[in-house]
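Quick setup: one chain, the form predicted alone, written in structure tokens, and binding and motion questions come after.
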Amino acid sequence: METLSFEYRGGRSVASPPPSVLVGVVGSGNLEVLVEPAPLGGICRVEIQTAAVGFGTTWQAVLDDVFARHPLADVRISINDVGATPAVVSLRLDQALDAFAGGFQP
């Protein structure tokens, strides 16, 4: 297992965020994403627990892309990964952040 941490600045806070949003399931080749509001001084903090060791650069690229689409502040994102592909990571993050920001249509 590897633990990775990333921080993003320059995002916007959600006016009325839900207490939390959870998408995905931890299982073979998948991941779960938990998004929670947090008083982080304008930072979006991402903590990742992953079984796929040595892919920090790939995680950074995926998260940079996601943050460009979802520039949020005062948010904590926790990811538990069991080897999901970058496309699945991006999809799950989009789902979670859309739901958190109120733009998700089930």
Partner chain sequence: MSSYYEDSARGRLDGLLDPGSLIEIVPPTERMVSPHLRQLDTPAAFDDGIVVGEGRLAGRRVLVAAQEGGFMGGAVGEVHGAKLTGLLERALDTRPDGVLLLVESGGVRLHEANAGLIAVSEVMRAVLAVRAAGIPVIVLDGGTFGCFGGMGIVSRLCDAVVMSEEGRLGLSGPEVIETTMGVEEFDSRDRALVWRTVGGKHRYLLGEAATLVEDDVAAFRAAALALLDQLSDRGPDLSLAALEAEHAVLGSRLERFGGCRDALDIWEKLGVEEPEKLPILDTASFLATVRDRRV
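Numbering follows the first chain given and starts at 1. This structure is a prediction, so every number in the text was calculated from the model and none was measured.
The same protein has a further form, the form predicted in complex with the partner chain, not shown here; the description that follows concerns it.
*Asks:* Is Val14 near the partner chain? Define near as a heavy atom within 4.5 Å, in the model of the complex.
*Replies:* It does not: once the partner chain is placed as it appears in the model of the complex, Val14 has no heavy atom within 4.5 Å of it.
*Asks:* Heavy atoms within 4.5 Å of the partner chain in the model of the complex: does Val88 have any?
*Replies:* Looking in the model of the complex, residue contacts with the partner chain do not include Val88, since no heavy atom lies within 4.5 Å.
*Asks:* Would Gly27 count as a contact of the partner chain in the model of the complex, using a 4.5 angstroms cut-off between non-hydrogen atoms?
*Replies:* Result yes; Gly27 sits at the interface with the partner chain in the model of the complex.
*Asks:* Quick one: does Ser5 come within 4.5 Å of the partner chain in the model of the complex, counting heavy atoms only?
*Replies:* No, Ser5 is distant from the partner.
*Asks:* Sequence order please: the residues of 5-21 with a heavy atom within 4.5 Å of the partner chain in the model of the complex.
*Replies:* Read in sequence order, the lone residue that approaches the partner chain (within 4.5 Å, in the model of the complex) is Ser20.
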